[in-house]
Every structure is written in structure tokens, then in C-alpha cells.
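As C-alpha cells, one chain now follows by itself in the form predicted alone.
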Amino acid sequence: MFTPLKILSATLMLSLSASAVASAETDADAIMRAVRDRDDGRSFLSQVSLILHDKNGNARTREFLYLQKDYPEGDKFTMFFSAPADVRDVAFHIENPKEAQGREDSQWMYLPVSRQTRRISTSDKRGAFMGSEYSYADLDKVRVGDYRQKLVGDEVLLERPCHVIEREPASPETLTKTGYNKLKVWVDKENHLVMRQDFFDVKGVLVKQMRTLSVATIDGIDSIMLSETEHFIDGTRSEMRFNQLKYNIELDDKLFTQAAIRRGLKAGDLPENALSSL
């Protein structure tokens, strides 16, 4: 028999439970906004090695120069591939508008063989970035509003205390674009770097995992120096090594346009101090 006291207690418990869920979701949103908005300088430059490991243990390395610059409307990125010969002069231009603008991230790829620039459409973003385990969707900047997310726990990775957050697509469009039915993200509590991310398909199967393996403080900014993504179904993995990373250097606006990836990187395009360190 339910007494008034029991009913009141049950109501209070339900209220507290709903409040806890709402708090977890609010906290998760705030954490993911901190990930998106974390300080990465007004610009940066890095020589990057993308190392592809097949299921037989063979490895191929692709080298590219990675440039980023902040603008009032958002971030812009450019990547110029230099080696090996079969990818030399392939280039990418990416624009990440501020989330409040409500616009999708845009990506363009230049292929020297055809001498054409093509936009990577939303339907193509599940594709493999340069044959790696990183998809084009993975290159998009974190968008908080695209997911329903909640804080589910705390763990320590690489001796760094982390929040653990589960994220589910908030719309069919997000699911269609990424192919991920759920993400599980480990976020460093101190610097808001993503230390690990698990990717689940529409059947709930863990298909791949991104792991941060090395972090260093460069120019006062905590930075990922080595990450890898492993595809559990295919038995393949890819590493991304950031070499000679530098922040807050002067980069010309002409490097962050669609015209730049068609033109390619020329002598004199980068400051002397940047060139001397690469």
C-alpha cells in the first residue's frame, strides 16, 4: 500500500533522477563546447606524417604540411601533400564556421592528375581520408548541437584524468553523414584534448577507435603529437604524427583559399622562421 510518505519519496526520487540526467547532459554539452573552443593559438603549422598500416603489417607513409588560421567567422585549414610521388601536390582546404552560424563545415580537395578542385559533399564524408582510417567526417570540427550527449563517468588515460561522454546523433542527417550511431569520448579534464574516441556503427558494433598516444606542451599550448586510429573490422590502423609544430606564426591569408590548393605551396609563401624549422 502506498502511503502519502512513500508517494512523496518516490516523486522526490524521480525528480532527483531527472535532475541528475539533465545535469549530466548539460555538463556534457559544456565539456564538448570546451573541446571545440579550446585554445589552439591564432594560427599553427606542422609537418605531418600519415602512416598507413595494412592488416599484413605493411606500412606506407604520406607527408603533408598542415596549416591553420583563425578568422572572425571560424577556422580555416589547408593541407599540402609532398610525398610520396603518387600524392605529391594533392591538397585540401577546409573551413570550419563557428557553430552559432548554423553552417556545415566545408571541404575541398585538389587532384593534380585532373587539375580539378572538387568539393567533398556530405554524402562523401564517410570516405577514407587519403586511404587512412580517418574519415572526412572525422576532419570536421566538433559540433555540439549535432549530438545528444551525456556524461557517463571518469577514467584516467596516459595518467590524465578524463571525462567520459557518450554522444548520439541528434538527427538522421548527422547519422547519414558520419555513419556513426554512437560515439564514446574521453576528454582530458585539464586541457580538453580528446584522448580517445570509440566509434559505433548502426548495429552498435565498435568499428574503430582513435587514441591519443603522445601529448606535449608547445608554445604554452598542450598539443597532440601522435594519434592513431584502428579499424577493428578491417584489421588496419593509421598514425598521425605532428612534427615541428609551431603556434601563432604569421601565415598569409592567400594560403587559406580554394585558389591556394590549386596553386600549391611556393617558395616564399611561409615565414623564414617557419621554413628553417621544417
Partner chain sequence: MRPLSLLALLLAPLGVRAAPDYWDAELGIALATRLHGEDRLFQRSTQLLATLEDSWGEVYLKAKGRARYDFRYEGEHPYGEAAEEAYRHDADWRHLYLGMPLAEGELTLGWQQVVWGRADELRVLDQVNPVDYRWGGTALLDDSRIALPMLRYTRTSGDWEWEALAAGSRKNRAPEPGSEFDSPVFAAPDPAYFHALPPEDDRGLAYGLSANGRLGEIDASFVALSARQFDPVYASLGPDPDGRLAVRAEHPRYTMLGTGLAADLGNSLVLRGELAYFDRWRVANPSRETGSDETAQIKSLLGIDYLVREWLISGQWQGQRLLDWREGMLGARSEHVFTLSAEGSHAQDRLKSRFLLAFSPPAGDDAWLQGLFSYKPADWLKLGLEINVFFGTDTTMFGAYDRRDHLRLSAAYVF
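Positions refer to the first chain, counted from 1. Just so you know, these numbers come straight off a predicted model, no measurement behind them.
Not on display, but discussed next: the form predicted in complex with the partner chain.
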{"query": "Touches the partner chain in the predicted complex: A34 (any heavy atom, 4.5 Å)", "finding": "no"}
{"query": "Contact label in the predicted complex: R196 to the partner chain, heavy atom within 4.5 Å", "finding": "no"}
{"query": "Contact label in the predicted complex: H53 to the partner chain, heavy atom within 4.5 Å", "finding": "yes"}
{"query": "Interface membership of D154, the partner chain in the predicted complex, 4.5 Å heavy atom rule", "finding": "no"}
{"query": "Residue stretch of 182-190, 160-168, 87-95, 204-212 approaching the partner chain in the predicted complex, non-hydrogen atom distance within 4.5 Å", "finding": "87-95"}
{"query": "Candidate spot K141, I218 and N243, all three touching the partner chain in the predicted complex (heavy atom, 4.5 Å)", "finding": "no"}
{"query": "Candidate from D75, E99, D124, D146 lying within 4.5 Å of the partner chain in the predicted complex - any heavy atom", "finding": "D124"}
{"query": "Residues of stretch 107-122 in contact with the partner chain in the predicted complex (4.5 Å, non-hydrogen atom)", "finding": "W108, P112, V113, S114, R115, Q116, T117, R118, R119, I120, S121, T122"}
{"query": "Cα-Cα shift for L111 and D124, closer or farther in the predicted complex, minimum 3 Å", "finding": "farther"}
{"query": "Closer or farther in the predicted complex: C-alpha pair T122, F77 (3 angstroms or more)", "finding": "closer"}
